[in-house]
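Okay, here we've got a single chain as structure tokens, the form predicted alone, with questions on binding and movement later.
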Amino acid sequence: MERLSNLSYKNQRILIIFLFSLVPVVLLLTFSYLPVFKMFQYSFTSWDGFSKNMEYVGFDNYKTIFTKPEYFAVFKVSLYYFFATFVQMGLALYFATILSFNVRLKNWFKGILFFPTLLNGVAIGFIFLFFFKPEGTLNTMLDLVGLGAWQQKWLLNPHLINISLAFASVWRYMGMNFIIFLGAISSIGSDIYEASEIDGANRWHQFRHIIIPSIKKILQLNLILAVSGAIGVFEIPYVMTGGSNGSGTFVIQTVDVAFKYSKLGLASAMAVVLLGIVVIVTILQRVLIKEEK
């Protein structure tokens, strides 16, 4: 009887574990894998998103994407965000390194740097929309410090608009890189720093020979996430400019094709292409930045 009772108890535990695991698995399948499967399915049709009938067109959507240069021309905009990621990671690593040591008001500075990450992307878009207005905050500050000649129409000048948007992106996402770097650097034992100080190492030597090698994996991870984010950037340029004046990205173009021109089949094919590009770039990064044996 006791063995049966124990067996019954074990079965109950297994059933409870199964039921608790079933909910997230069902949610994952419903809201992640099923939409991806449907996206692949729609990419082979000329569906407009409304009609009940979906005409199968084979690879025509993919042929359209790869034969019309305008669909890939927008990727040059991603280069601004790509180069901005290095500025973003450099600043994040710089502040994380400084604040990992004993400095005054370090917790206050940590909060200030991480705060933009907590804000909604749409809210940040509207903040910088006012910041870059001709009569907005940036031009007003330049005038106050006697640099009125540097005032620009930051979001109206085709040569400056993407730089301005990339700056807003750096301000928003640097906090996440900062907190990841800070956590990695904080995990380095204090005895290693003490030993290096005994050997005469200064802060630069500690950064170069202790910190960088210790967080190499984290650097690679942040680089992969940053480059993937640069390819799929959407929120800030869409809110601030709607993709106008040469600021459109591939994702904004995909959204326009789907909802403005009612070509959901073509837009799905574009999303599949973008997914493939992100996967290829990630694999290339893993191969090129592989750990030395």
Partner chain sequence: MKKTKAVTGLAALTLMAGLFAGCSSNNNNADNAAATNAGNTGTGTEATAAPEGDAAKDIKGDITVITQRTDIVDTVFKDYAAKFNEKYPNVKVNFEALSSYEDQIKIRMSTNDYGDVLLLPTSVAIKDLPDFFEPLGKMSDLEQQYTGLEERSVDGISYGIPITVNFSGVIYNKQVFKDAGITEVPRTFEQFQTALQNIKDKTDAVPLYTNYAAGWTLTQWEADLATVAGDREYVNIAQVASDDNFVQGQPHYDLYKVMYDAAKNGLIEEDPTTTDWETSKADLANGKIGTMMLGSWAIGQIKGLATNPDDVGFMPFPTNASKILVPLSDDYNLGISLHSKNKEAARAWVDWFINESGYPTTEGGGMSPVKGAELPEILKQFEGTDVTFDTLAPAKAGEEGWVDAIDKEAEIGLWQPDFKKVIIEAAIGNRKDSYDDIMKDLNDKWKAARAKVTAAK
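Basically, rigid core = biggest C-alpha set you can superpose within 1.5 Å across the two forms. Positions refer to the first chain, counted from 1. For clarity, every value in this text was computed on a predicted model and none was experimentally measured.
Below, we refer to the form predicted in complex with its partner chain, which is not included among the displayed structures.
Heavy atoms within 4.5 Å of its partner chain in the predicted complex map, among the stretches 167 to 175, 151 to 159, 202 to 210, 107 to 115, onto 151 to 159 alone. This chain is displayed alone, yet in the predicted complex one of V251, V257, A226, I236 has a heavy atom within 4.5 Å of its partner chain; that residue is V257.
S32 falls outside the set of residues with a heavy atom inside 4.5 Å of its partner chain in the predicted complex. Contact check for K133: a heavy atom falls within 4.5 Å of its partner chain in the predicted complex.
When its partner chain is considered in the predicted complex, I16 lines it closely, a heavy atom lying within 4.5 Å. In the predicted complex, L284 stays away from its partner chain, with no heavy atom inside 4.5 Å.
In the predicted complex, its partner chain lies within 4.5 angstroms of at least one heavy atom of each of the following residues of 48 to 66: D48, F50, S51, K52, in sequence order. A displacement of less than 2 angstroms separates the C-alpha positions of I283 between the shown form and the other one, with the rigid core held in common.
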